[in-house]
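Only one chain is shown below, in structure tokens, and it's the form predicted alone.
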């Protein structure tokens, strides 16, 4: 029998590489309409590739109408006409059981929802039925997935609410009887009570004041660590990303233009759009005037040729007007879609 040598002091033992929980490849999702002989196509998600690792919070940032919500609906398989997937794939890997969202049956997609894949939707009142008590919402969302008799199921719900600093009497309340912060915590509890492997959070702190927001973010991070799930966290608020996410993708006009560790992107943004976003943040003691970007975001029904940011970009070159820059590696763990970065500054 061959002896296995023990590692010498100071040797680094490599951890086994775990497969990503989510892999999105070349995803394209367009709003397509055909009325009165007029065909219209809005390219809201156009050639996006990304992956999210186990136990990771991946942030998605960008200004309003850049396609963030469309992207996460497409990833969740929660699309309806006129939104259609016209190319690419979305693959989940839950405990070694891969699932291609758009190559699987509706039954297979429904089987993973809430038990393996959950969704914290934008605005708590969009989730909670205003004419039903909170208890019934938990029964509707989670009872069949948890599979416990009703008394034990309610005990499980009460214990989970306590983790989010909510008392048991919340179950007997109607949504309008709760504050905005309490409703948001109930929404988070609904999304996490089944201990899913993957959570999508769409602007979960938008309507909250900064004090309540801080508490909700701490709870989201705490619950995510406790259950060991991965998360796709979407918000336009870069300060939230700085405090919560591990990696960050910057989205502009239906495409991701930069990706990397959150701390590195804030320390040294590479894409000119990312740099403008970060430089727009207020800083204590900084009294210099802030200058916004010239121009407006493009119309995604008729996007400009080449790089979609070139009409507003201070570094634009001739090639930017002709060709779409691919996402290319730009340092450890980073990718950027910008000719000025990958081919050098313009002369």
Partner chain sequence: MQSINVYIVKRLGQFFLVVFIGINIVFFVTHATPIDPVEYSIAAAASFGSTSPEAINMLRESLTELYGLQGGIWDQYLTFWKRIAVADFGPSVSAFPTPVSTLIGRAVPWTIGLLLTAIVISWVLGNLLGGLAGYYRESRILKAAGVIAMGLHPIPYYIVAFVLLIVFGYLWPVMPLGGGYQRNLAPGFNLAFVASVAKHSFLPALSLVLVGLGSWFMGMRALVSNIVTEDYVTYAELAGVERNRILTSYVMRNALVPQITGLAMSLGAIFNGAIITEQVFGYPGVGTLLVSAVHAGDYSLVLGITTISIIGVSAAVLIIDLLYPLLDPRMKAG
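Positions refer to the first chain, counted from 1. The shown structure was predicted, so the numbers you read here are calculated from the model rather than taken from an experiment.
What comes next is about the form predicted together with the partner chain, which is not displayed.
Among heavy atoms of residue 129, some come within 4.5 Å of the partner chain in the model of the complex. Within this chain, residue 78 lines the site of the partner chain in the model of the complex, having a heavy atom no more than 4.5 Å away. The partner chain in the model of the complex comes within 4.5 Å of no heavy atom belonging to residue 198. In the model of the complex, at least one heavy atom of residue 123 sits within 4.5 Å of the partner chain. Only one of 107-115, 226-234, 87-95, 150-158 lies within 4.5 Å of the partner chain in the model of the complex by heavy atoms, and it is 107-115.
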